[in-house]
Structure formats: structure tokens, C-alpha cells
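So this first bit is one chain, no partners, the form predicted on its own, shown in C-alpha cells.
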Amino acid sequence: METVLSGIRSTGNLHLGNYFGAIKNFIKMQHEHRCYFFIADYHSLTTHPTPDDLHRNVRQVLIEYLAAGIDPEVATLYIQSDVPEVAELYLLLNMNAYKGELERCTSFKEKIRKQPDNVNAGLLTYPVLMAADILIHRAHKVPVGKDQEQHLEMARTFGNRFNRLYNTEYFPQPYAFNFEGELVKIPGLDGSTKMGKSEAEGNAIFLADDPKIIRKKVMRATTDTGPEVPGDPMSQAVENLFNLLRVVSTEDTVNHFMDAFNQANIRYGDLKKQLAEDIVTFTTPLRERILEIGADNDYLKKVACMGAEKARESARKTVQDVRSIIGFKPF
């Protein structure tokens, strides 16, 4: 059975893009592979070094992972900072990570452009920490988006470099995990092609959003003036609304509004009202589960402790092996 690892940053709530883009696949994957899912609170400090409430953010992401269907009894679900071995492996890998290759990293160049007043060492060595996350469990497969493919390539570089320097084959080469079929890409409400918490305010529908908030966001969604004659092309903003309909509404509902658009008599207000209600219907069980789990502090503590214990068992073995291979041995 192959080991699969995936993480999510701890800087906000999960949204529909997260759910349809990856989490639904995680739910299936946990029963087919040896899975480690972690909340990357160390990583979040590279761009938010003084978070307002780091613990609350981590807690909320943990709650929502559980509510979405990750089973802590089946998979290993843990918080990155609960596994100190990650930090030690990060340090050891940094000894053979070179300034030039880190500065050439696409994400580093993009980040220093966006946050020129916060170019910290953690930002530069972000790929090394990501490599430590992967190599600590000697993972074979890692579900990553296009923006993380270079980091995965660097994880292979650091693992291979370790193997070469110490004449070993200890670390396997991790590769991108390819989900069966094409991932569902959820668009934003602001007319952009991506739903994300870092995008414009009101762009994302979060799993924990109250129905009133969902209705308000959807009714404010970007549209256009509508088709003037049958056959007019559909704008990106309107296509986004139809793509959302396709994941939360019935086929009859989608066909009804598509026919109205093609006949140039569509009323976007009606479309938005229907879309909002269908999103509310879809997210209500998730939101209720989020509220239920969030009220059970004992359960959350149990899950976090169990995840840390399971993750540390694997991580401790890796660090012990790595220390021995390098030459750190007790007297």
C-alpha cells in the first residue's frame, strides 16, 4: 500500500472549491491508501508571521476536515506543529539546500513581489519545509495543484541529494497523485475562474457559511447585461454561475436556465435565487456537522492527540534513521 500525503494551510475556512477540488477525493483515497493529512500551521507563518488567532484557525480547519468526511480512525489527520520531528528534518535538509536554487523558485519570486517588506528566511526555505513534510513519512504520492508542482520536484531533488550524499536509497521519489478523472474546478462569484479565500471578498462560498450569508453572496455575484439575441456568447461571469449550478443543482434545473439563456430571455435574478437555495441545501448538512463537531472540545482534543501520536510514530522512525545515516549516534 502506497503512502499518500496532503496538507492544507491553516489560514482560513474551507470553501466549495476545496471540497469539490480535493476533499471529496481525499474521502475516497483514505480507504485505498495509507494517508496522512496535515494542517500546515508552520507554513502559514511564512506569509502571516503574526496571526491574529493561529489556534482558532487551526481548530476551524480541523473541524471542517472532519465534517467533510476525513475519518481520523482510518487516515492520519494531524497538525504540523504537533510533530517536532518535521522541524528537525527541515533543519537537516536545509544543510544541503542551496541559496541559488531556492531563489529561483517561482513561488518565492512571486511572494517577494507581493510582500516585499516580509521576505523572511522561512519564505526562502518554504520548499525545504514542504520536502520535510513529504519525506518525514517517506510518501510516494502527493496530491498537488499546478502551483505546487515545482515544490514537489524540489522535494524529489532534496530526497535524491540526501540519498546520493550518504550513499543510500532511503528516501523514495514522491510523485504527484493523479485523481481518477478530471478534478472539478469551482469558479469564483466575482467573475474569476478560481474560488479562493485569498481572492476578492465575496468570491468564495465557505462550508460554514450561514444560509443568509450564502444568499447575500450569490445575489451579489457578477453577471452581465444578458444575451440580446439567441446565440449570443456567454461571458465568463455567467459561465461561472452555470458551472456552480452543475455541481449543486439537478440536471433539470441546469437545462431550464440554459434553455432560457439560449432563447435570450433569461432572468439572472431567478438563476441566482435558485443557485443560492441549491447551495444552501448542499451545504446545510456540512454546516450542521461543523457546528456539532465544533461544540465537542473533548472529541477535537482526542482527534488531535491521536493524529499527533500516529504521525510521530512514522516521523520519529524517519528522523532516527536519518540521524544514523548522517552519523549522529549516541555515545
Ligand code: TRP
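Predicted model, so just to flag it, every value in this text is computed and none were measured. Residue positions are given as counts along the sequence shown, with the first one as 1.
The following text describes the form predicted together with tryptophan (TRP), which does not appear among the structures shown.
Between the options 304, 286, 40, 271, the residue in contact with tryptophan (TRP) in the model of the complex by a heavy atom within 4.5 angstroms is 40. This chain is displayed alone, yet in the model of the complex one of 163, 94, 148, 223 has a heavy atom within 4.5 Å of tryptophan (TRP); that residue is 148.
The stretch from 203 to 211, 129 to 137, 242 to 250, 185 to 193 that comes within 4.5 Å of tryptophan (TRP) in the model of the complex, counting heavy atoms only, is 129 to 137. Taking the partner from elsewhere, residue 4 is found to have every heavy atom lying beyond 4.5 Å of tryptophan (TRP) in the model of the complex. At least one heavy atom of residue 142 is located within 4.5 Å of tryptophan (TRP) in the model of the complex.
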